[in-house]
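Shown here is one chain on its own, the form predicted alone, set out as structure tokens.
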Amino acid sequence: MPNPDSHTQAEQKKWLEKIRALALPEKVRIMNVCGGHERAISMAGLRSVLPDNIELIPGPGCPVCICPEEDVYDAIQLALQENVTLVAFGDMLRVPVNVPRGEVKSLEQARAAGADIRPIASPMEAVQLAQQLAHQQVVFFATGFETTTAPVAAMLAAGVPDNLSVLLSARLTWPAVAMLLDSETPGFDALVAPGHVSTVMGAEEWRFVADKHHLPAAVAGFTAESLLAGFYSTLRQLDEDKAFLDNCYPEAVTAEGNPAARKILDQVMEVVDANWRGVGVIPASGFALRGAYKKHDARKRFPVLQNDHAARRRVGAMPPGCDCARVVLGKLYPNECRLYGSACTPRSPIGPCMVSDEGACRIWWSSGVREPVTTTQDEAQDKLSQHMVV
């Protein structure tokens, strides 16, 4: 019987040999957008086997990392001040907000202070809980990109109990990449587009990278061989000076994606300008409930969510000293953050990139990168001036 591991290793070796045979520039920077891609790259050690002139840059693929600080703050205040049961995806419970020392700074701490906060893994758990707690208001703090937002839309389209409302903080992925490409210094030469998002939204959503910006783009899956195939495709495009969109994940991704999921998203939600933590407002990058579904909008149901945040210091920002925003934008490697591995670790995270399993800092730490990069003062200043452009 053939050994499947041998076949996998042979596939990986084949792609590596094809990559090494290309005539490439002195430095090539490939950005991956998906947190799942970054985890697969780091855990498989792909950076160590690729030619030294190829840089793999983690990009804005962590929804927990870019969830607006004020949205997390609102969820905390809602859970503490109102008689509600608040549910959220598990990673969100540890994300810190900017409050004075001694105040509750995360949903986890709010739960320890007595708030009824429960982690869930799917929207249907929120529905089931609302049905069980028929006389209690249940709020679903719904965060994520298109992959997790589509099930939230399907949940609402199917009908939910009157006592269930949604505190929505959902984002689209492609506008952040478009913002980087529209800037003076995008910081990458090719893009490997997210596999999971593309199963919902379709590969064609990424065509603008090649058509408008003339950069190679490829959709890839989550195995080492699929990622290597995606890298090879973009590198070959650079070598041949032909930028196009390549689907290297055809077993799961089609050109148009999932028509049913996209239809439900459009039925339940509208696309709006939205804030990304530490980055700012990105046009047409967020979701909001539309039409009759607004009756389940927690922001309309609870007065505590209509507060003006202007009086809070550092509202919307990353914690002091935290470079998560620059890591998210691919302007800094995780271990180049000033707090990485010292003040900020998974046991005591300062920034959201060290909280989530899709955060680049957490992924790098889990893959064994434990020491921060030390730089001279001049190098640090050079990096800072580069990052200030975006």
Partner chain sequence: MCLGIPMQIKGIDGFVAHCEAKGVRRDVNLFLLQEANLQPGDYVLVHVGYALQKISEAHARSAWELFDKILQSEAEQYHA
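Residue numbers count along the first chain shown, from 1. All of these numbers come straight from a predicted model, not from anything done at the bench.
Omitted here: the form predicted together with its partner chain. The next part is about that form.
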Next on the checklist: Taking its partner chain as it sits in the predicted complex, is Val95 in contact with it (heavy atom to heavy atom, 4.5 Å or less)?
Outcome noted: no
Checklist entry - Would Phe89 count as a contact of its partner chain in the predicted complex, using a 4.5 angstroms cut-off between non-hydrogen atoms? => result yes
Next on the checklist: So in the predicted complex, is its partner chain close enough to Met43 to count as touching (4.5 Å, heavy atoms)?
Outcome noted: yes
Next on the checklist: Please tell me whether any heavy atom belonging to Gly257 falls inside 4.5 Å of a heavy atom of its partner chain, as the geometry stands in the predicted complex.
Outcome noted: yes
Checklist entry - Looking at its partner chain in the predicted complex, is some heavy atom of each of Arg39, Ser122 and Arg370 within 4.5 Å of it? => result yes
Item to check | Interface segment, criterion being heavy atoms within 4.5 Å of its partner chain in the predicted complex, picked from 98-106, 211-219, 247-255, 279-287 | outcome: 247-255
Checklist entry - Among the candidate residues Met318, Ala142, Ala203, Ala150, which is the single one with a non-hydrogen atom no more than 4.5 Å from its partner chain in the predicted complex? => result Ala150
Item to check | Proximity to its partner chain in the predicted complex, single hit among Ala113, Val272, Ala154, Leu133 (heavy atom within 4.5 Å) | outcome: Ala154
